[in-house]
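Just one chain is shown here, as structure tokens, and it is the form predicted alone.
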Amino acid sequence: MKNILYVGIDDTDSSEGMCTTYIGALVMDELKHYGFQLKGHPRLIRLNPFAPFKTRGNGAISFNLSLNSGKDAKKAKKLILNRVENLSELQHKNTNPGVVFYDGIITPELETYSMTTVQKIVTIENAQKLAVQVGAQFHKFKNGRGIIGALAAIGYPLEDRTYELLAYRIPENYGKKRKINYKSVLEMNQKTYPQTFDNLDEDEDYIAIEPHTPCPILYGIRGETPEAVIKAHGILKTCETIERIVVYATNQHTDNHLLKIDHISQMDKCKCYIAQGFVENSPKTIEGGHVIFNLKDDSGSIDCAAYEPTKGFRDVVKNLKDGDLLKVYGGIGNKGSLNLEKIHVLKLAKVYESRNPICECGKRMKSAGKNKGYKCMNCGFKLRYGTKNLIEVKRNIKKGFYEVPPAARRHLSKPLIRK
């Protein structure tokens, strides 16, 4: 009977280049070349998007190997470790790769730990302690922070999952402008949406499958099934060579990073939440084009922000008024405000404005001067002691869900099309 070896890898890249998914792709292809068999799809697990030491998307990868013997395991581990060491951006101070090998049962403790890495902050010591407890073998390069994500990628319970097909560039094109045929992206989206999603933002003329960093990825297609993303890839056209592709099973776009809480006072920095409350101050636009409002409940309040990159979503937020009841979805960074990913307008407050009284002839009257009442400019009638009328104003927003556009969506945020 063959044994299963779980392999987890994380923190190999930097803000200037490389990608853990690409190192994983190279490692898996080399293992196949030497006759090793991979079981199922490799996994791309996105961790807490507000973790302070993340590079870009904070993603770790894992895959499973079918092994015949301990000799096979030793050979595979050596190959993997050599590749990670040679390809990682070790020259950068914040790149601290970690590799984890595990051949046991995925325990409830492992699953709980993995969910914690997505929703909270986990230390290297936490990861080491659990690895020793379950009998996992870990390897640290430099301070080895990557073992946190590597272990999480192995143990994560992918109950709700999506898939991402990643196409990689040839090395000589790294850092150059990507050459993706825009019309083919439109065609791909028309033929595969909503089985694939977040392909583009037509309002902003933005190709959402295209990274904007010097990493090896040419594009990434997200979808509900492996078949959907492979079909989309077949439609897409590029004007540059694709080196290889990999389809990852992933927790992207599942909202699994969000903690449901009962009170706003329970919120902390570097975590993501679903919270409910009332708009306390009508939204205002601040320098940079960001839109801010205050959300409150009986326990406290927090500033909620629709930042400039959320584009048209800000126009929705601007229409909120004092007393509106909302459910908000988002994360808290170091500034302490909640970065909005989407909102659910549960109840709209009634808004009134003061209007001059209407004359008996049917026309609205004008003020006759301070403390002089009102005068009709149509028939001349005067109203000495009249008062303004309160008129309910029709709101420019309805109850329901509103979300940021694909261009501004975080990897873990679930688009409304998936609900």
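None of the values given here were measured: they were computed from a predicted structure. Counting begins at 1, following the sequence as shown.
The following text describes the form predicted in complex with a small molecule, which does not appear among the structures shown.
Of the heavy atoms in R178, none are within 4.5 Å of the small molecule in the predicted bound form. Using a 4.5 Å cutoff between non-hydrogen atoms, K120 counts as a contact of the small molecule in the predicted bound form. Not displayed here, the small molecule is kept clear of K342 by more than 4.5 Å at the level of heavy atoms in the predicted bound form. The small molecule is not drawn, but in the predicted bound form it has no heavy atom within 4.5 Å of R83. Heavy atoms within 4.5 Å of the small molecule in the predicted bound form map, among the stretches 26 to 34, 45 to 53, 66 to 74, 376 to 384, onto 45 to 53 alone.
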